[in-house]
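Read the single chain below, which is given as C-alpha cells and is the form predicted on its own.
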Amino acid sequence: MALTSCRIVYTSKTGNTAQLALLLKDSLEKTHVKVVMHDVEKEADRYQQREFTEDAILFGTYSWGNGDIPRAMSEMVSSMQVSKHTVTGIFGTGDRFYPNFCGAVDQLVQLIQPISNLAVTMKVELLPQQHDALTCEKFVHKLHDRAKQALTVSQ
C-alpha cells in the first residue's frame, strides 16, 4: 500500500503539539501525501462520525496532570473505529520537568496498538525546534515503510 492520505488528529493546550502536528504535515506533504488536520478540542462536533478512510492516522497529544491523556483525545480514541490494518503513529510534546515525560503518548500506545497497525511514536520536549524537523522526516519515513510492509503482507 502506498501511503497517499493521512489524518492528523491532535490536541494542543499550549500550541506545542499543534506546531509538531504542522511539522509532520509539512513532512508528509513533501512526500506527496494528502493531509487532513483535525484538532479534537476545536472540531469535536464536526466529527461525530469516527470512521476515517485515510491510509494512515496520526494521534498527537500533550500530557495532562501526571502524564494522562487529555479528556477530548481520550473520548475521541474510545469512540472511533480503526481497522487493524490502518497504519498509525503517535506523537506528543511534554516537559521533562514532570516525572512522567509525555506519559499520554505511552497511554495512547496502549489504546491504539491493539486496534491498528502502529508504526511509530515520537516524543518532543516543549516547543519543537528546528532539529525536530529531521525527526519528523524520519517519523514519516517509518510510516511509509509500514504502509509498504502492509502491502507485501496482504499480497
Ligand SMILES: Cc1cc2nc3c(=O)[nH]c(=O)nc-3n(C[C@H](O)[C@H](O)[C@H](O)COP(=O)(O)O)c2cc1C
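Just so you know, these numbers come straight off a predicted model, no measurement behind them. Note that residue numbering begins at 1 and tracks the sequence as displayed.
Below: the form predicted in complex with the ligand, not depicted.
Visitor: Name the residue from Ser27, Ser116, Ser63, Gln107 that puts a heavy atom within 4.5 Å of the ligand in the predicted complex.
Guide: Comparing distances to the ligand in the predicted complex, the residue within 4.5 Å is Ser63.
Visitor: Any idea which of 98-106, 51-59, 82-90, 28-36 reaches within 4.5 Å of the ligand in the predicted complex, heavy atoms considered?
Guide: In the other structure, the partner sits against 98-106.
Visitor: Is there any non-hydrogen atom of Lys142 lying within 4.5 Å of the ligand in the predicted complex?
Guide: Output for Lys142 is no: heavy atoms all beyond 4.5 Å of the ligand.
Visitor: Is there a heavy atom of Lys13 no more than 4.5 Å from a heavy atom of the ligand in the predicted complex?
Guide: Lys13: yes, in contact with the ligand in the predicted complex.
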